[in-house]
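Have a look below at one chain only, the form predicted alone, in structure tokens format.
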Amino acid sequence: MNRLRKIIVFLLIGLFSAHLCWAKDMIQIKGSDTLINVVQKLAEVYMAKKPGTMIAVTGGGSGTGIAAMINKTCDIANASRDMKASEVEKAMAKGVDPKRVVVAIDGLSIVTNAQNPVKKLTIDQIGKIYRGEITNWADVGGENLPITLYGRQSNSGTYDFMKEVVMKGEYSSALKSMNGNAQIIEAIKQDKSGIGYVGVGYAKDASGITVLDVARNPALGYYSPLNSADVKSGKYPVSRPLNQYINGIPTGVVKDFLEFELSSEGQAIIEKEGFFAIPEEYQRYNDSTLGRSYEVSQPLAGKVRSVQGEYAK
């Protein structure tokens, strides 16, 4: 019996090795939990169209993906935030030329339990809640319940985005750190006093939660991340581009896959998976990254920042 098991194991190893040999092209993609599901779907469709290509998509957080790109252990880093100054400096020190491709738009969604009567918050209120300055739902028009904070772990790009763009300060020590968007959704479903933040693709069809309307200024109105027009126009105040970072201008199968993601077919898949297709200015920005003839004009470069512009801020 033991001999039979060994034979089976050797056969499986042989089949796996043969499969790797058969695959003439291999792409390693790593990083953002926000992007992992949609990029896995894009990879599945692309591999079906391009027999002989293998694409491995794994998570670990934006920081993990960017570190892998810097260390040349992945081809594409998924990132739900911009590269940091320290990351760009490390990349350049290792001879890596980080280039950014914007693949989707996310309306970062603030979510609560469906039984919570609070349906809208301002950016200021969200910041105070996550900094621990507001600790009871009664202080924002809800029931007399202590607020339970759910968020991401510190290597997450979404963790950083919330801290820098929304909170503009440090997280409360009461924050419950979760490993991913899906885990936050499941926790909120079970906790009437909970609040969390997730990519819109994870919130759109989730049951048992409420996706809050958010206002930058209450006098100017509250907006929903579920509304494509509000997200793309910037009226919804917690929208962001979702990025992929690569080493230099891409070539070969990596470039071909990126082109597929940005094609009308790829962008339709992104919309179907719950995120939003990128507007024209991001498409034009991507042209320069992909080595196309279009060069980013000065006004556009101010709106859609280059890697250097991102870490200089």
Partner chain sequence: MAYSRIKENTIHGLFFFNGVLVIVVLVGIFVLLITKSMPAFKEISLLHFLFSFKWNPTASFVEPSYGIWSMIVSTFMVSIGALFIALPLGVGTAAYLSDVASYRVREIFKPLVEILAGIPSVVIGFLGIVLVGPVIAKIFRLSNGLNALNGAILLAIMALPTIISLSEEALKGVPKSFEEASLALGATKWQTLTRVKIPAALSGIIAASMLGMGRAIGETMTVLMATGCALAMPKSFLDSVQTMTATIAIELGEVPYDTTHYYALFAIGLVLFIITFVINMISDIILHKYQRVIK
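Nothing here was measured: the structure is a model prediction, and the numbers come from that model. Residue numbers count along the first chain shown, from 1.
Beyond the structure shown, there is the form predicted in complex with its partner chain, which is absent from this document and is the topic of what follows.
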Indicate whether D139 is a 4.5 Å heavy atom neighbour of its partner chain in the model of the complex.
-> no
Are any of the heavy atoms in Y150 no more than 4.5 Å from a heavy atom of its partner chain in the model of the complex?
-> yes
Is there a non-hydrogen atom of I134 within 4.5 angstroms of a non-hydrogen atom of its partner chain in the model of the complex?
-> no
Its partner chain contact at L220 in the model of the complex, heavy atom, 4.5 Å = no
Given 223-231, 118-126, 157-165, 205-213, the stretch touching its partner chain in the model of the complex at heavy atoms within 4.5 Å is 157-165
Run the contact test on N247, T251 and S263 with a 4.5 Å heavy atom cut-off to its partner chain in the model of the complex and return yes or no.
-> no
So which of V96, M178, V238, I105 gets a non-hydrogen atom within 4.5 Å of its partner chain in the model of the complex?
-> M178
Who in 57-72 is close to its partner chain in the model of the complex, meaning a heavy atom within 4.5 Å?
-> G63, T64, A67
